[in-house]
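Okay, so here's just one chain, in structure tokens, the form predicted alone.
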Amino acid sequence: MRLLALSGVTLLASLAFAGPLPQAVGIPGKPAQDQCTACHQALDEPRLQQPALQAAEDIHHRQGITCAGCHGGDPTSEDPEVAMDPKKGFVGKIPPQKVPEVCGSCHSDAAFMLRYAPNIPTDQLAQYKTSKHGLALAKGDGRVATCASCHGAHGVLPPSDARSPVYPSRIVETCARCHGDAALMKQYGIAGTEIEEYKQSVHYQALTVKNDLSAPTCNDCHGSHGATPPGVSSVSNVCGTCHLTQREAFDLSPHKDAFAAMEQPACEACHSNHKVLPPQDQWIGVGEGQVCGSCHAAGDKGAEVAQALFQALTGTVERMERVRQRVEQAERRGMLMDEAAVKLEEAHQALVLARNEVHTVNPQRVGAKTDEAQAVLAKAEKDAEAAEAELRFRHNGLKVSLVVILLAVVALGLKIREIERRS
């Protein structure tokens, strides 16, 4: 038996580099027809029956790839001894160390993949071999993730299918199978808290609550097949993939060279890595709970700059809130305040740009944007004052009108009484 198993593995290794046997591949786009699923569906043992039941949904099976595409053997034979003959390359359970090569036998073959999915890159295996998972697997660690760990072994769905374990909103749970296991991760020197921290982040909220599939999940920062934690020098590059304007602003700041000199990660220093919370103006400063205090102390130049940035932003926010309340109050009292609302939005946009300029750590650049916001707020404030003045005028006019009407009613009543006395 041992000899048969070894010969099967040897044949499988050979099969992995040669691609699937001709009889294992059907017409692209047409579901595979083989005896493997027919026989296994009739079995009572769930372990052997389930793969056959899942075949109907499997993207490979739907594209004409039979079970023999991975397991070898003869998918046309009704005789189990022939179908699962190790001499024909059959291997029942594929060892984890062989899984990447088996998948790569097709997925690394550009000519073969053109027949099925020309849009899928064919360098996944090469990337995997450079990943933390692939490097550990090469050293004989059979616990690390392989292709089947993330995509599944049977019933494999395309990543665009919302049921797929690699669909954007489900990736974190897929990674959590290993990375949420603190005891397992401890053996690799990983805290194991990364998943729970990520679930508190603004990225996870955007992905799962707002259903924003462009929001980053694990593989967007760490890579998919070439999964590797970003190093100190590459963190800002990873964040800058999405936060381009912030990265460009950071590159203008004195922090860029300072962080590089200290060999400290850039973005992560203020925003954290997995537990990325919505940034607040109140973070700026050297007081308790403020991020600048990690490197600067009260009285130094950095603290002075932080205070200037903080005042510029919070001063603008406070005025914007006051003006917004006046505009909304006037609107509730019946005034048309569309132009003021547009000015408030313009001021908000200028404030957003000012917050982006915070990454330059340049008070002049931040001040230029907050000054723009303040100037527009001044115009909106005038609109609010004009509306309030108009409301006062209308209110006073209404009171005068009521007095006149009241006097007219009284006069009319007196006139009627006089006429009645005469008659």
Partner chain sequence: MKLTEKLWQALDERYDLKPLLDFAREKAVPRHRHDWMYYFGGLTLFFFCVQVATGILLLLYYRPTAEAAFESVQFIMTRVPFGWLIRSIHSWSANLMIASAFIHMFTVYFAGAYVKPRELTWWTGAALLLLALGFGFSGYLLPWNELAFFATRVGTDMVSKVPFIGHWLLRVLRGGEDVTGATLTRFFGIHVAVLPMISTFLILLHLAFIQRQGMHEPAEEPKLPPRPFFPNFVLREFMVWLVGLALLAALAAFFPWELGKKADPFAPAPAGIKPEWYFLFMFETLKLLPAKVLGIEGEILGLAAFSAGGLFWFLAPVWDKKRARGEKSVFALLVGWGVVLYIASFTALSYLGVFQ
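Residue numbers count along the first chain shown, from 1. What you see is a predicted model, and the numbers here were worked out from it, not measured in a lab. The term rigid core refers to the most C-alpha atoms you can superpose between the two forms while keeping them within 1.5 Å.
Missing here is the form predicted in complex with its partner chain; even so, the following discussion is about that form.
- Here the marked residues 399, 406 and 409 all reach its partner chain in the predicted bound form, each with a heavy atom within 4.5 angstroms.
- Its partner chain in the predicted bound form is approached by residue 335, whose closest heavy atom lies within 4.5 angstroms of it.
- Contact between residue 395 and its partner chain in the predicted bound form is found at the 4.5 Å heavy atom cutoff.
- Stretch-level contact analysis of 102 to 110, 327 to 335, 165 to 173, 133 to 141 against its partner chain in the predicted bound form, using heavy atoms and a 4.5 Å limit, identifies 327 to 335.
- Relative to the superposed core, residue 103 shifts its CA atom by less than 2 Å between the shown form and the other one.
- Relative to the superposed rigid core, residue 392 undergoes a CA displacement of at least 2 Å between the shown form and the other one.
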